[in-house]
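Read the single chain below, which is given as structure tokens and is the form predicted on its own.
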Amino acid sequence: MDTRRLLILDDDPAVGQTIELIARASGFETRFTQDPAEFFQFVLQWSPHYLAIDLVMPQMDGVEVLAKLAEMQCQCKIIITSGVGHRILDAAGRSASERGLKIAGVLSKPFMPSTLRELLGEARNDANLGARSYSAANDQQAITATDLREALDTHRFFTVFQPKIQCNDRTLKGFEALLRWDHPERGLIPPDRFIPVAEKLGLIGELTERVFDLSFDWFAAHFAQADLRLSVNISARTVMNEAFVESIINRCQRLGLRPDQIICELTETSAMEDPVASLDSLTRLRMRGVHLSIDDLGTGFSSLLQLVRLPFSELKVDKSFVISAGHSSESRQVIKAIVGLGSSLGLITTAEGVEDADTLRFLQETGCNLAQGFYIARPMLGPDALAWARKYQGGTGRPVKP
């Protein structure tokens, strides 16, 4: 695997050099600049995988830099650094995320070397997926119908699985299936790059079927008799397909899965595209036993009245709140509000993005039911996820027996 590259933009040479030293010790190739113009040249020509960007700089502040990166459709993972307050850092991170940028995390100065290493740790996981890393610098061209068609025909899509555990006793409760695309020239293309294109081009139905083929087959082969559930992400446009409900039920019957072992996840924004049109299909799914989860709750601006009218059985707290819970009182209040809402409606609440023991402990104290995140386990290929499950003991002291 190629050496990971980190590009640093900071007006303080001491800070920039410190980040370089820590990153190099973690196996990164690094470059540091104080000049925004040189920084953008490096982004385009050097193809970094990670960017560390200071918010407060004299020539061009970090918010302006992030806005320009969004215009460039940059897909590098971004670490936002600054000595400003946590609320400003969190706001900058949310703004960048809403622009489509990938925020690995925020780094408040002064910082501990271990904190930076944790944020950079995600890059090392790329090697475990057996696919080359993606960067915007070598993928400025648009994804076409031909690209997607060829990827489907040549089986370039694959799934990884991230465990979900119960907060109170740490027992394994299931997995979320996540789709990945290993392009022969562009490397690992993230879902938020190709899913909207697939929806626009009318290929989302076929892509969803491929996810079901890969994830259901793996889950049924190893966990059909276990008290575990498989979560799969679905598009609002897929829900509108009249054959969608029967497709899931027939697949479960053929593979020996109970419908209540399946959780279909929709994002808050997609669920609210046309809640009236979604209601029939979602109701039919719930009548047949399939569970429904509303993903990324708290990131949209939907009417809660409309949301509670849809037959969801699970609420998922968006990872942006969970990741920042350790230093943001606002994020903790949002999490408490969502968990309280779920409890009052009789719904399961799941938090994604758990990256440390303190956050998991906070979620347990708050009453959150389930959790997933890098602290528990990263997304893994099927064989690795199976091996992990067989060894995992959780709070029961007993290994899972799939």
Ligand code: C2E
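Numbers follow the displayed sequence, beginning with 1. The structure presented is a predicted model; accordingly, all values stated were derived computationally and were not measured.
Below, we refer to the form predicted in complex with the ligand, which is not included among the displayed structures.
Under a 4.5 angstroms non-hydrogen atom cutoff, the ligand in the model of the complex has residue 373 among its neighbouring residues. Taking non-hydrogen atoms only, residue 211 approaches the ligand to within 4.5 angstroms in the model of the complex. A residue is said to contact a partner when one of its heavy atoms sits within 4.5 Å of a partner heavy atom; residue 353 meets this definition for the ligand in the model of the complex.
Residue contact with the ligand in the model of the complex: residue 261 places no heavy atom within 4.5 Å of it. Of the candidate stretches 220-228, 97-105, 179-187, 246-254, only 179-187 contains residues with a heavy atom within 4.5 Å of the ligand in the model of the complex. Think of it this way: in the model of the complex, the ligand has a heavy atom of just one of 331, 235, 82, 171 within 4.5 Å, and the residue is 235. None of 206, 150, 192, 280 but one reaches within 4.5 angstroms of the ligand in the model of the complex through a heavy atom, and that residue is 192.
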